[in-house]
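Take a look at this single chain in structure tokens; it is the form predicted alone.
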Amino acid sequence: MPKHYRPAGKKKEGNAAKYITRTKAVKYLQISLATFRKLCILKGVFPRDPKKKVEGNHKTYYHMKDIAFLFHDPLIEKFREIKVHRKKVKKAVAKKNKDLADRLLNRPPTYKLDRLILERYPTFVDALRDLDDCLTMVHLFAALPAVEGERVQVQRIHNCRRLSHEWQAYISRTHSLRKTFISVKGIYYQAEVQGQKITWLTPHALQQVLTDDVDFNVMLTFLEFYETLLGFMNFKLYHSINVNYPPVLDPRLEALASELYALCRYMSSGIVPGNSEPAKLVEDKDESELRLAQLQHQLPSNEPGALMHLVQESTAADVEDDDAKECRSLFKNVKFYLSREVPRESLLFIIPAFGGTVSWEGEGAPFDETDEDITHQIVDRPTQSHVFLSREYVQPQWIYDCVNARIVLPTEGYVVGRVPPPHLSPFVDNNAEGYIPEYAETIKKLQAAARNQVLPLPSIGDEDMEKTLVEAIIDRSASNEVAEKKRKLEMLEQQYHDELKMEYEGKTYSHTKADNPTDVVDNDSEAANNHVDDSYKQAEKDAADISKTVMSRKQRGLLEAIEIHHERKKDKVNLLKKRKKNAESSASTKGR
């Protein structure tokens, strides 16, 4: 009898008992493949990759415990009821029984995903850690055109837009935004909420086209779960800062497509949930709030600062760290005005998150362009109809670079009509990559000067004198440190060379002490040093070869992959340096 022979009917063991193919799982659950895919997405069940694939490498495997977990879920019955309901409607329409079809269409079976949120995320921090894909998906569908007859319902697009604006209003209110970067795909944001870093991507404000090469059924299933998740997250976050949820927006601002500003005005009203007042007072308060909501459109539209001062009377104890305080005061006492050609929604989200006051060109703006307190106007066209001498005109990139650098950068490089400096990504560690761009070094010098309170910056006041002062202080401190390190290294190197020379010539320490110790190292000593360096390199290479022979094949492959990665990184750095050198040489040639 073979060693692994199993008689017919005997219980399976090993991978054959742990894993099941997708086809068998669909038959076991008695549902269709589309329903099985939707159920797996909602429940968070994903395929597995067993070491030994019993039925072949070309099949998809699931863990048997996951399939048993799906088998007992109440959603399967709901999906079956929906399938039966669709058959009834189809049958009533075929029989031309319009009354029955209308009654069935008005009472479709529904289900909620509230239980799945608690099931998949036992704690609030777990949900925060898994919020990156959720925010990216919701912001993506919020940018789609809300047109009837498309594959995405208009109500879902409006719901995604509402959820995204509520999230942005909370981040702006709590000053939780940390990084932002404009790329070809869209605009990246990174916020820090309760110690968790959350990164998401929003598409550019362009006309989106629905393509045929995307399976919208799968994406809509993910969106269905993410809408419920983000709704719970917004509810919890709003109540953490003592603001009621869902918010009641100003209908006038909502009609003008200014939902984010309307949300900020709602949050600035300081509506606190869970108030323990007597019943009569609560009723009076509810009536007054209803009256205020009805008459809210009669409030003056040019109320200054209403967007920025969010929940100032909040009773929640906000424990802020240094980053939050720094972000809150970055654009303090700075007033911005946005022209119509700049990305308004992105800037309305970023500027208040860093303590600035902002308005825009159009109806519903808190103040107009003729306000004398405006310090910066964000424009993106070369010519202006009229120019105010009391303000600075800068390109939108200046806002994003200031946010990433955490300082107010000089505006000379961002003047309208001039090519701005390179937009550096805050998500890249230049020291780890091995190449530091020139503009990154300039920003580091400006940050060091700002920390040492060498103010004002070069763009304010007597420009030449203050610029010279800042550069002189930075260069002097840096040069002193470099000179001290260089002197110590030269002393150690000279001592090392002297000892090598003594060893090579066979001299003792007492014999060399009697000779002149201040002689310069001659050609023989240089040859000896080169010989010693070559011997060290050869010894290191031999040690690496010996260690490779001891390694297993898998470890050797990993080591070779790491070495290839380092070589590619060096080649990339060398390429960047070569391009920089070529650019500088071409610029100098043009200058001549």
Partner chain sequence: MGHSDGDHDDLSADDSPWSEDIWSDDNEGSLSFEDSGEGSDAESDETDALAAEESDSSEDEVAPRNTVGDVPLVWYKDEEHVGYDISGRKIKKRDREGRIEAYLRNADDAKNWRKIYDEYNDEEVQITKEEAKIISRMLKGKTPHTNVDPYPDYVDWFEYDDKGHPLSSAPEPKRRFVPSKWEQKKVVKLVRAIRKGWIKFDKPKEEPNFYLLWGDETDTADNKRQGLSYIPAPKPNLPGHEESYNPSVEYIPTQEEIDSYQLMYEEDRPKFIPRRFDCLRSVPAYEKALREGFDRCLDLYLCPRTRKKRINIDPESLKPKLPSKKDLRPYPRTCYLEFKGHNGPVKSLSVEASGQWIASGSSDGTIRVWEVETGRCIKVWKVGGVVHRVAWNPQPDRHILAAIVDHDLLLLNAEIGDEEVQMRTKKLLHIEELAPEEEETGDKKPAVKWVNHDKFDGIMLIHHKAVSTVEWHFKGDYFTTVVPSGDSRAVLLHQLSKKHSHHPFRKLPGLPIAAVFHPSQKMFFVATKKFVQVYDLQKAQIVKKLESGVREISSISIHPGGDNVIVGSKDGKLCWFDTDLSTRPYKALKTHLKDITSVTFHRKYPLFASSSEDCTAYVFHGMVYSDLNQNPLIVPLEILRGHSSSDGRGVLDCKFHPRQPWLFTAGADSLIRLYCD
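Positions refer to the first chain, counted from 1. Note that the coordinates shown come from a computational prediction; the quantities given were computed from them, not determined experimentally. Just so we're on the same page, rigid core means the largest C-alpha set that superposes within 1.5 Å between forms.
Beyond what is shown, the protein has a form predicted in complex with the partner chain; the following relates to that form.
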| item | value |
| --- | --- |
| Stretch in contact, per heavy atom within 4.5 angstroms of the partner chain in the model of the complex, of 79 to 87, 403 to 411, 127 to 135, 322 to 330 | 127 to 135 |
| Option touching the partner chain, based on a heavy atom within 4.5 Å in the model of the complex, out of A142, L424, L446, L177 | L424 |
| Proximity of F71 to the partner chain in the model of the complex, heavy atoms at 4.5 Å | no |
| Contact label in the model of the complex: I564 to the partner chain, heavy atom within 4.5 Å | no |
| F181: touches the partner chain in the model of the complex, heavy atom cutoff 4.5 angstroms | yes |
| Residue contact check: N430 to the partner chain in the model of the complex, 4.5 Å heavy atom | yes |
| C-alpha of Q30 off by 2 Å or more between this form and the one not shown on rigid core | no |
| Rigid-core frame, C-alpha of A68, shift of 2 angstroms or more between this form and the one not shown | no |
| Rigid-core frame, C-alpha of G557, shift of 2 angstroms or more between this form and the one not shown | yes |
